[in-house]
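First comes one chain, alone, set out as structure tokens in the form predicted on its own.
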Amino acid sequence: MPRYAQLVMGPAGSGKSTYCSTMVQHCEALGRAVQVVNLDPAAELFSYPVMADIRELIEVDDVMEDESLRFGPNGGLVFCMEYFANNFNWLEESLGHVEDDYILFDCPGQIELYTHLPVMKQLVEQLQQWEFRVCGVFLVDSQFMVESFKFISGILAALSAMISLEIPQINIMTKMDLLSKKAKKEIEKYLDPDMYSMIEDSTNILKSKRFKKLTKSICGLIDDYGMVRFLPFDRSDEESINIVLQHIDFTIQYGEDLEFKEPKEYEEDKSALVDEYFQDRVDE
């Protein structure tokens, strides 16, 4: 039987560890066994147990203290991840082999790991060799995405991971529970965005004609190919959590031997259910 994996990615502070904790609790309530693996060698505290922790293999602090290496925080983290890539046997031993495994990999936030370094791609290929069906879960802080130009930056970060890893990817706006009612209403347009409207919103910000043309080209690419969409993730709302989990399960075909339904708002019904979600939040 196949095994299942979520690669939980996103910038530092986007809520990756909180997402893992929330998803573990939600799955426990559903009677599903989900494990977490920490792949951040600079992590400090967890609010959930982990089945494997990269810090047992190597830590950023130890690398930074090594006078022969002389690395700072970012260089130290890259060194740790490259060392990890050369010691995948440690991960294989830590995971064991239990059929129907469902594991969340809590990944580091450094963007270079998903742009020009091969470490995460090598991890994906290794997991696939171990019969894992892998889905990328890219998180972006919703509080960061309330302006058009910031939203476009978030989309490019998500696209970078998609292109680098070449796996199915679900993009999520986290920390929806921290937004005010006004901000929730404002951010609704970014979940299934009209990219050409984004261009108009950015017109007054971009003074250079060259950058306006570049922005228009980027927005056109994203809109024409429908490459990036976001789901809202409100850790205080079980329905919101379940919608995200349904999309991921559908993507990696979890439980395909069971009677399985597509996510409630998948494709054609998506806009209606997102509208319903926000209306419920406004009414509260």
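When you see a residue number, it is the position in the sequence shown, counting from 1. Bear in mind the structure is a predicted one, so any value in this text is a computation, not a measurement.
Omitted here: the form predicted in complex with a small molecule. The next part is about that form.
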| Counting only heavy atoms and a 4.5 Å cut-off, does the small molecule in the model of the complex sit next to every one of 15, 18 and 40? | yes
| message | I need the one stretch from 144 to 152, 170 to 178, 127 to 135, 83 to 91 whose residues put non-hydrogen atoms within 4.5 angstroms of the small molecule in the model of the complex. | response | 170 to 178
| Is residue 109 one of the residues lying within 4.5 Å of the small molecule in the model of the complex, judged by heavy atom distances? | yes
| task | Indicate whether residue 247 is a 4.5 Å heavy atom neighbour of the small molecule in the model of the complex. | result | no
